[in-house]
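Read the single chain below, which is given as structure tokens and is the form predicted on its own.
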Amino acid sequence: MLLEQLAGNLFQGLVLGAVYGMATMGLSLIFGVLRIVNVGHGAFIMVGAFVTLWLFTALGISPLVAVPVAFVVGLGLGFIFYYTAIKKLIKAPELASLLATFSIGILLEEVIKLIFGSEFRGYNWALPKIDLGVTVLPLSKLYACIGSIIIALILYLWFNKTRAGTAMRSVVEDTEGAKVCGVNVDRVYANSFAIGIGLTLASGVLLTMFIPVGINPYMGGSYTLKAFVIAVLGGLTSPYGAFFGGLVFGLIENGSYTLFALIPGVEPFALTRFLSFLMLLVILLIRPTGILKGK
């Protein structure tokens, strides 16, 4: 019975981990190209969740359609924040960019609170469930997992098969060398930040397919913490490492929850969060470059 439950939770963790990984790819992309840590990451995930909520409840649009819509909204926000704030901080001390992205996150939370209010919201996307033997999985979660994999593959092909992707990789490798070769570095920075934010908003849509309730302006904090653990796990500068790091994190999170539930008198969820930060500490001490050694 325990093994069956553990197997089911591990499968659920693998499915959720794909979404976690995709949610972290934007964070890793921005840091890898611009060397800016976006501590407002969770606020952008929250905006993606509210895009889904509004489209579904107000217009009756499927959350699947909300994914590209949220991505486009994220691109717009990315370009706006890059040219108004981030561009001036590319060469600034790290603390300046940390404060700037933190402030952007607070700004987004308060704007969403002003528009939608601070109460918890949700939506009901009634889809059937499928029995996989070890677990029963709602189709919405399966769609979120498949969507995450498709987006990760598209990003991989874009990086490796397009001129814009090649230019972005050249800036990561050698900024001065890229300038000598005629690459518009400022445009690459702007595109990288916008795409990173677009991916983050799209991940907010996918995450609501797992937790369609509890959407509120301050929901992003826990996702920011998880994203940093996953980013370090997979190599902070590697979007692909972030995706695989998300898979590992999902397995550990769901598997440990099953085991912690066997310990009497403890809260499994609290111990799972403790384990996440323990993982972060151990990885930083033993292999700070992560699974796929980011440079």
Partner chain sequence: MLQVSELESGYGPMQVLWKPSIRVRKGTITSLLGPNGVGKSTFLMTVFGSVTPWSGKIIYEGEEVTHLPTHIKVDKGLTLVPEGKHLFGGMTVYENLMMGAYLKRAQQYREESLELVYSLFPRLKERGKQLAGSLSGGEQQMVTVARALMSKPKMIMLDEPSQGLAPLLVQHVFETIQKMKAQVGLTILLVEQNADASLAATDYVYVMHEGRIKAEGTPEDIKSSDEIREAYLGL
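Numbering follows the first chain given and starts at 1. Just so you know, these numbers come straight off a predicted model, no measurement behind them.
Here the subject shifts to the form predicted together with its partner chain, a form of this protein not shown in this document.
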For the spot marked by Glu176, Lys179 and Asn184, is every residue within 4.5 Å of its partner chain in the predicted bound form through some heavy atom? yes
Hey, in the predicted bound form, is Ala167 touching its partner chain, heavy atoms inside 4.5 Å? yes
For its partner chain in the predicted bound form, the stretch among 121-129, 159-167, 135-143, 79-87 with residues bearing a heavy atom within 4.5 Å is 159-167
